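First, one chain by itself in structure tokens, the form predicted on its own.
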């Protein structure tokens, strides 16, 4: 397993991280025995970062991850997330603190390595989106207070929302990490592809994060399953996945993903998921990419992909050609 610096945190994370969310669902819906097998195998493969959130399974993911790690006696890096409701916006700082404290109770641990703000960020507050001013002036100071109290070592954001607002937050240089939507269907965060692409244009967020020494956690590696190469869903997996940063619907993403099967036919990769994971880790600003596993097979497949390393230059050139087909 390759390990990369998580920005300026001083933590080296495995290039493959374990996502504990609803899309894969193993940690949320699996039995304790199933969870123990998966986490044990992940650690055997070299995975040292596990990513959960208060919203995954309405808190069940945190409870299950905490229970599993205690049962196995494992010392790994754990990140969780704060997601506020519109009714929390009247007391943002207090709500941030209460959210993390509740997460720590569910996890059964005194602190986490990373706490991340999980709401969409926009130019102004509307619905569940929080305005960039409130994020900079209220959320980040609250997260910083939590690190001073020893409840989290570092803090960051999920880079979902308005691109200009996200660039303001990352560019401010206060956060330590950013979860970034970056995959074969929407590479705009990478800053190396000509658009337009379906979905949000993240306008080169990864190079900005690298300049600011912000660690990056790639999410939606398989675009919610569209890049998995199969259309069937495991019972643990979320049956309906709304695209984030890619096409207007999941079916649109599945159809778009078919163009990248040419990488398999050309002999660059063995399967579509391998192409997806290896493409992401080819970017030098990526710290880790999360696998949202439903089964041990999904975990093994992702690990086998990253063990093969970044895509070679010829494969990346072919990807650039296929993007032209995708846009066409």
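Numbering follows the first chain given and starts at 1. Small disclaimer: the values here were computed from a predicted structure and weren't measured.
One more form of this protein exists, namely the form predicted in complex with a small molecule; it is left out here, but the text below deals with it.
For the marked spot (7, 112 and 177), a heavy atom within 4.5 Å of the small molecule in the predicted complex is absent from each of the three residues. Of the listed positions (139, 221, 185, 214), a single one reaches within 4.5 angstroms of the small molecule by any non-hydrogen atom in the predicted complex, namely 221. Considering the small molecule in the predicted complex, the lone stretch of 199 to 207, 90 to 98, 225 to 233, 126 to 134 in range is 225 to 233 [heavy atom distance within 4.5 Å]. The small molecule is not shown here, but in the predicted complex it comes within 4.5 Å of a heavy atom of residue 237.
Contact check for residue 181: a non-hydrogen atom falls within 4.5 Å of the small molecule in the predicted complex.
Although the partner is absent here, residue 301 lies within 4.5 Å of the small molecule in the predicted complex, judged by heavy atoms. By the criterion of a heavy atom within 4.5 Å, residue 66 is excluded from the residues contacting the small molecule in the predicted complex.
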